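Have a look below at one chain only, the form predicted on its own, in structure tokens format.
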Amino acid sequence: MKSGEPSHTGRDAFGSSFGVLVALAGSAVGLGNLWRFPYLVGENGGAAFILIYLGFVFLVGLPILLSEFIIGRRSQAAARGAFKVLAPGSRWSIAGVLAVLCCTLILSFYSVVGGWGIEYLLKALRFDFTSGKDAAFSTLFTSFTASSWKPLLCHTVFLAATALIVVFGVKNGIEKFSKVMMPVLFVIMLGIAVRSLTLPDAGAGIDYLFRPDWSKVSADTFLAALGQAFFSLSLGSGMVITYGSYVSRKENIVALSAKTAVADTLFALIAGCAIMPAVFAFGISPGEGPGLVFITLPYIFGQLPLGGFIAILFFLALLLAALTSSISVMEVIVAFCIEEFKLRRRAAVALCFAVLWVLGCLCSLSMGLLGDWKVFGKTIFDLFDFVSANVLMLVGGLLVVLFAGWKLGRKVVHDELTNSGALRIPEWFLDTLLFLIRYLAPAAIAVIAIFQWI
């Protein structure tokens, strides 16, 4: 096969356009949408931040997303195999290796956080949040994460649920799950948002989110918006490359990429409307990170009429958001094992489960029993988080745009965007996209890396 030519392997594939969209949206929509995005919006000028963020999504995030889509669909191969197909005999395949390593580290600690979601859903089902104080929930969260067996059990259940979906394949596993659960996830969050907006003083939360305050905008605001646009779309991790390899050549990848970016942003905004009005209604300062979800919100649920039922819906939504992301991460690793080691899907999933379970146990125990065991001053959990987000995703994203923009070049990019001539795109659109892929996206990634590493 010549470099740049598509392959036809008879691999598993998505069965419909809607299936592709919900799977891609599921990979982008995750726990970060629930706690990080609303916080960033409020702390960086509300609507001013949203406008800056949207600009970066479409000027930087979308070109990188399209680059990964092009590489995946063109090659009809997963992360490492894609580069081997499109640039045989070269060293470009290292980008695929980094993507697999990145996903391995991500799912190792992400499954631990997903396990926390299981524990808190069970607590909600027992109506444990119907009374109590914020300080009590803080102690509850700390004692739970620092204990040994319970977080390990939850991590195991979450990882097993992820593996169970992935083992059924792309069409019968990932697509079927996403088709049902993504709409359910959006409906649940919309319902919680409507309830939150009816609370007294909820307007303060809406002001916090959407009133443009340009006085809060600084260089850090632009950096935060750029980083959020990059990480929220799961760029540089091989997820889009792998999913793209399962997409038919009849699909319009420009439209799919744009819809994915819109769905991800829309969910983040809905999550903000669900969380921040309630936070402000009870006079609580919003905090960044899991504390908002696992400490502050349980306290709020205990003060709300029918708060016990809202808690159930919220933690169910959180668990679904975590699962839709985790299956896309595991699929990258599973696809790699299938292609590189010629394993059957069941064997590949079993191998991935075993490795991820061990690494996840180390991450979980680093919150307690192994808390003093640190590498470069970081616990295992924090180290995996830092290396995956601040090193591997950035390097992977940079290699992707350089490969798509310069190695594949204009002819291949045009061929993929037009489905070999079946679709038409204006020349100015192609020229603009190539400029963004070749110049702006690499520069943006370099800026993020510099500020993350110094």
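Whichever C-alpha set is largest while still superposing within 1.5 Å between the two forms counts as the rigid core. All of these numbers come straight from a predicted model, not from anything done at the bench. Just count from 1 along the sequence shown to find any residue number.
Omitted from view is the form predicted together with a small molecule, to which the following refers.
- The partner is not drawn, yet in the predicted bound form one stretch among 190 to 198, 85 to 93, 357 to 365, 230 to 238 has residues with heavy atoms inside 4.5 Å of the small molecule: 230 to 238.
- Only one of the listed residues (V400, L66, A28, V41) places a non-hydrogen atom within 4.5 angstroms of the small molecule in the predicted bound form, and that residue is A28.
- A heavy atom within 4.5 Å of the small molecule in the predicted bound form is found for one listed residue only; from F129, Y110, W116, F384, this is Y110.
- Put simply, G32 is close to the small molecule in the predicted bound form: some heavy atom of it is within 4.5 Å.
- Of the heavy atoms in T145, none are within 4.5 Å of the small molecule in the predicted bound form.
- The closest non-hydrogen atom of I106 lies within 4.5 Å of the small molecule in the predicted bound form.
- In the predicted bound form, none of the heavy atoms of V60 sits within 4.5 Å of a heavy atom of the small molecule.
- Proximity to the small molecule in the predicted bound form holds for all of S325, S328 and M393, with the criterion being a heavy atom within 4.5 Å.
- Shown in the overlay between this form and the one not shown, fitted on the rigid core, is a CA shift at P38 of 2 Å or greater.
- After superposition on the rigid core, displacement of the C-alpha of F69 between this form and the one not shown stays below 2 Å.
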